[in-house]
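Coming up is one lone chain in structure tokens, specifically the form predicted on its own.
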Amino acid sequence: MRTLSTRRAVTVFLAPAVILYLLAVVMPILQSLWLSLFEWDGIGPMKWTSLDNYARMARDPVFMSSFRNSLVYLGINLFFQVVVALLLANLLLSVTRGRELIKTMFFLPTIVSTVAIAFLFQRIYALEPMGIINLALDAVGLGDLATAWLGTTRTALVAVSIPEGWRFMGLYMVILYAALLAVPKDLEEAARIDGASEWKVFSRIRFPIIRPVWATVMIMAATYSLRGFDIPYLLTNGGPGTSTELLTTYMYKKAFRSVDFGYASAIAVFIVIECIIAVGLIIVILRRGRQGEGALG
């Protein structure tokens, strides 16, 4: 009887969340999948095209360019939000004074308006009048390197990726820092007594223990980056040319500028599949890393 009542309680608590998830996430995905099989302008009759929209993606040079840009955008974001965030969280353990202030300063960009962040980085990257980056280059005698970072195809993609990586770096740093606090201190002290370096303490004790949290952070950062839209759209609108066009911005333009909802839905389905593959690859890599550590141990 107790087991039955427990199951009922779990069902009662989970049911609202599951229903909301089905309505807000699963249903739109299924609708996009269905709509991707049609040619539709949002007003007239829907024309069945089967998989033509998916075949069209392979022939679309802008789509292929957007896909490559999205992968670069993902890599830069993962560097800041996973690698740098982990490094900062580890360094934060050794800070004795001002720790809360440091955490607040790094976390603050997470809650700042997207529009404000875009405007801030427009000023930072500006050439006329000179922004912070170009002023710094000029101050150290490298004024010849000053450029319009958002207006040059060589630098625009990196320039629009950095704000997104910086914005959520503090959030993931705080999450990883909380995980590091849970690492047993007696294990670290025992390792140091045995002569282990700080790198050995981190790689052999801290990181294996926080690996599940780190994996969660990596999945969150990867999926959010692949769905990134607002800051790149506000900064460059995909330009110059298509140098900063991401799958998300291209999907938006196809849906609401070209009113090609069928093709836009196919791109949306591709983004979902891309996220699923990214999560699967992360899980496989982490499992192999864990097995490798087990074999070494």
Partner chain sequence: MTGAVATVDRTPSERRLRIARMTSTAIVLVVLLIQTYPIAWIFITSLRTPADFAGSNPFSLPSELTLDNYVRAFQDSDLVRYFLNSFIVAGGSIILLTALSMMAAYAIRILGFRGNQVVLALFLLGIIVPVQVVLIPLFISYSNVGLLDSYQALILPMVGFALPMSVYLFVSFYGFIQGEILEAAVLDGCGPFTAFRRIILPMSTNTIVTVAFVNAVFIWNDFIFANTFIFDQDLKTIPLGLQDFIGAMGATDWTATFAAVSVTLVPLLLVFLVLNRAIIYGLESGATKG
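Numbering follows the first chain given and starts at 1. If you're wondering where the values come from, they're calculated on a predicted model, not measured in any experiment. Heads up, when I say rigid core I mean the largest set of C-alphas that superpose within 1.5 Å between the two forms.
There is also a form predicted in complex with its partner chain; it is not shown, and the following applies to it.
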Inset, instruction - Indicate whether residue 203 is a 4.5 Å heavy atom neighbour of its partner chain in the model of the complex. - result: no
Inset, instruction - Answer yes if any heavy atom of residue 175 is within 4.5 Å of a heavy atom of its partner chain in the model of the complex; otherwise answer no. - result: yes
Inset, instruction - Answer for residue 282 alone: is it within 4.5 Å of its partner chain in the model of the complex, judged on heavy atom distances? - result: no
Legend entry - Distance check, residue 261 to its partner chain in the model of the complex, heavy atom within 4.5 Å: yes
Inset, instruction - With its partner chain left out of view, choose which of 83, 187, 108, 72 has a non-hydrogen atom within 4.5 angstroms of it in the model of the complex. - result: 108
Inset, instruction - Name the single residue among 67, 38, 54, 233 that comes within 4.5 Å of its partner chain in the model of the complex, judging by heavy atoms. - result: 233
Inset, instruction - Check, residue by residue, if 88, 229 and 255 all come within 4.5 Å of its partner chain in the model of the complex, counting heavy atoms only. - result: yes
Legend entry - Neighbours of its partner chain in the model of the complex among 204 to 230 [non-hydrogen atom within 4.5 angstroms]: 213, 216, 219, 223, 224, 227, 229, 230
Inset, instruction - Using a superposition on the rigid core, decide whether the Cα position of residue 273 changes by 2 angstroms or more between this form and the one not shown. - result: no
